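This document starts with one chain, in the form predicted alone, laid out as structure tokens.
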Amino acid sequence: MLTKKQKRNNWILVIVLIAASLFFLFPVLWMLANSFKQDAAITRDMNSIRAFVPPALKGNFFDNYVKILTDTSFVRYMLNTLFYAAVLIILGVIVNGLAGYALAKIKFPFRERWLMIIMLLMIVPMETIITIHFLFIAKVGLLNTVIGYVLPMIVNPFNIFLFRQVFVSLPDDVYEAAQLDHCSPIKYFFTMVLPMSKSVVATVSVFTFLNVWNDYLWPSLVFTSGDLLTAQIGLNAITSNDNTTMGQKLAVITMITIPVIIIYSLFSKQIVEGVVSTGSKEG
């Protein structure tokens, strides 16, 4: 039972957190409100509270969004990115999950050294090895292909480490019981290990989606065909076009931002659980 003082302190904390959240949401609210306005209205409202208020709901309310969706290939770019993200989530969970399980439960020579190498690779920025990836993809003739884009991004040292940290705590007696039922290691991994590790699977999936959705450098190197471009490249092309109005630019940025907010809102609980459970494991 909370005392009156504790209740008052809780309410004060809630008010402070709401105020802080509104402060950080101001740019998003401004972007969303002005994405429905024409450039003249954006300039007129810039120095007043009306900058955070959308215009009246009229026939031309969605004009900026309609023009972006009909006059550009942005929908195609977004669908491409969603497809790449889906492929990489599936392959990433399988490949990195199997690697993490091997490091956690299977004894093989130099296992600890392999773990150390993977941990060291986590601190190497992508920009330092992207040239090697590009030269390899170009050498095997996979430039401007989906395989060429996806292949170097499947294995992720950080995701392997996340899986390993969670799998290390799984009880061995469950696997022993599965062996008595003639369950193969691969079948055990897909039918028992992954279902018991939903939080880390969700965490890895969300991180993979965000990496693909926000990636600009790698797809700009691999792709030259307009049919394969991603959302970030489309965003850059549209916003750098002199014929694109400010309202249309804000509409594009809003469409880029909304999927990230939705994904994180849906899986925020699983992300927190996955990160907390990962950090609490030893071994």
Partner chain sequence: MSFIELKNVCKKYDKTEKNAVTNFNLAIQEKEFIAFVGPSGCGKSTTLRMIAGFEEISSGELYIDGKKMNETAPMDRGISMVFQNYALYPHMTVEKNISYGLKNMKVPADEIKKKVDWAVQILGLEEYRCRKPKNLSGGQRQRVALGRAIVKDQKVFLMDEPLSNLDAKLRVSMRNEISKLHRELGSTTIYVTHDQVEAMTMADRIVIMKDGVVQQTGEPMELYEHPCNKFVAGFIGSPQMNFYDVQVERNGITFSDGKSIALPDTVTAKLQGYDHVIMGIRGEDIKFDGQNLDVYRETRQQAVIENTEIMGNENNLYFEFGGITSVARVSKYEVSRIGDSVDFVMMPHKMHFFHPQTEEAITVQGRGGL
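Model, not experiment: these values are computed from the prediction. Numbering follows the first chain given and starts at 1.
There is another form of this protein, the form predicted in complex with the partner chain, and it is not shown here; the text below is about that form.
The candidate stretches are 108-116, 183-191, 160-168, 81-89, and the one lying within 4.5 Å of the partner chain in the model of the complex by heavy atoms is 183-191. Out of the listed residues I94, V140, V174, I130, V174 is the one that sits within 4.5 Å of the partner chain in the model of the complex by at least one heavy atom.
With the partner removed from view, the residue among V146, V206, A178, A102 that has a non-hydrogen atom within 4.5 Å of the partner chain in the model of the complex turns out to be A178. The partner chain in the model of the complex is not approached by L98, whose heavy atoms all lie more than 4.5 angstroms from it. Though the partner is left out of this view, L210 does not reach within 4.5 Å of the partner chain in the model of the complex, counting heavy atoms only. Looking at M196, you'd find a heavy atom of it within 4.5 angstroms of the partner chain in the model of the complex.
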